[in-house]
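Just the one chain here, laid out as structure tokens, in the form predicted on its own.
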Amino acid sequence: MISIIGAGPAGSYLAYLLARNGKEVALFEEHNTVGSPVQCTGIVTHSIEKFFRLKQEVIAKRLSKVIVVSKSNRIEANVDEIVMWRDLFDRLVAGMAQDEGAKLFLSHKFVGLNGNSIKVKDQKRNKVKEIKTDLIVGADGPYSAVAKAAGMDSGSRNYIGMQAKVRLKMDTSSFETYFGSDFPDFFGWCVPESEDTVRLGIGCFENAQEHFNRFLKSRTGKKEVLCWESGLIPVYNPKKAIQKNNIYLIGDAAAQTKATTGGGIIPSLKAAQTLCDCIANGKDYSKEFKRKSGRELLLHFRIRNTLNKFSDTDYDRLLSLMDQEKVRNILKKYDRDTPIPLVANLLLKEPRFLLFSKFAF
């Protein structure tokens, strides 16, 4: 049997793939409902439809434009993005796993390892169970209890992602991103959920509340928050261990996120495909993941390290270069989930982007 801890997109999609391949799978979720609490903006590129077609009820909005804002510049570009209802999306994927035969255990919290068994607490009955298992997968987020129990919890940093729903009317076909000294080490975002509600957020390493309050006031002119949806955003670490004997990590537990944006849904779905193949065919997960996803995530990581050295003037200049038709055409053709051809074509069309390479060293 394969035990997967965490019924988020990474764990549920892996459970679906394994069960479809005839494996006996148990999926454990510590909360009493899949998809709760929500701790994600829920925006993804159209690349998600390479994995499966989203049901309409999962889609909150389809976005065709991004507005990028720096200290003294502002540009617009055409995109093809989807804003999802994250709770419904998570339940969709978990339901797919169950339809293929995976068993879902809600209110079951992983509490430890014991040889070839896992210990889970049935929180409704207040009882700890010991379950024999052949393989264990930690898909339980940035604070992975599986990683900690297996001695694999080291070498990762996390952004503090502070997001809230607020009342604000904006163009519901577009979303906004903000860069510069007011958003140190990461960026801010404003994503429409409905005609009068947006998901407003920032990511940073320190002083998140202070930065968020300043952004909230500057963007909305008020301080009212409908609800909070905050959480940690892991920073990809190419040296992080993701496999140890019969224990594997996936998704946020493995820091499998795009360091440029913090997006982890599509990288985790791709990692699930890799891990399923490795389990089914006896391959080395660490090597296969690096081969199939490592170069892309490493590129995101290096771009992020470069951006973190930018001044406000550098961001203004970057946006000026991006605000050209030849560059906008590239941005429309290649999304951020295909970073290697995206960067290669950007440099080919606009060599002046290479001027920023001085920050990479």
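Note that the coordinates shown come from a computational prediction; the quantities given were computed from them, not determined experimentally. Note that residue numbering follows the sequence shown and begins at 1.
Below, we turn to the form predicted in complex with a small molecule, even though it does not appear here.
Shown here without its partner, the chain carries E29, Q39 and P142, all of which come within 4.5 Å of the small molecule in the predicted bound form through at least one heavy atom. In the predicted bound form, no heavy atom of G188 sits within 4.5 Å of the small molecule. Taking non-hydrogen atoms only, L14 never approaches the small molecule to within 4.5 angstroms in the predicted bound form. Interface membership of A77, defined by any non-hydrogen atom within 4.5 Å of the small molecule in the predicted bound form, is ruled out.
At a distance threshold of 4.5 angstroms between non-hydrogen atoms, V137 is out of contact with the small molecule in the predicted bound form. Picking from 225-233, 211-219, 278-286, 238-246 the stretch near the small molecule in the predicted bound form, with a 4.5 Å limit on heavy atoms, gives 225-233. Here is the short version: of R91, K270, K165, K109, the single residue with a heavy atom within 4.5 Å of the small molecule in the predicted bound form is K109.
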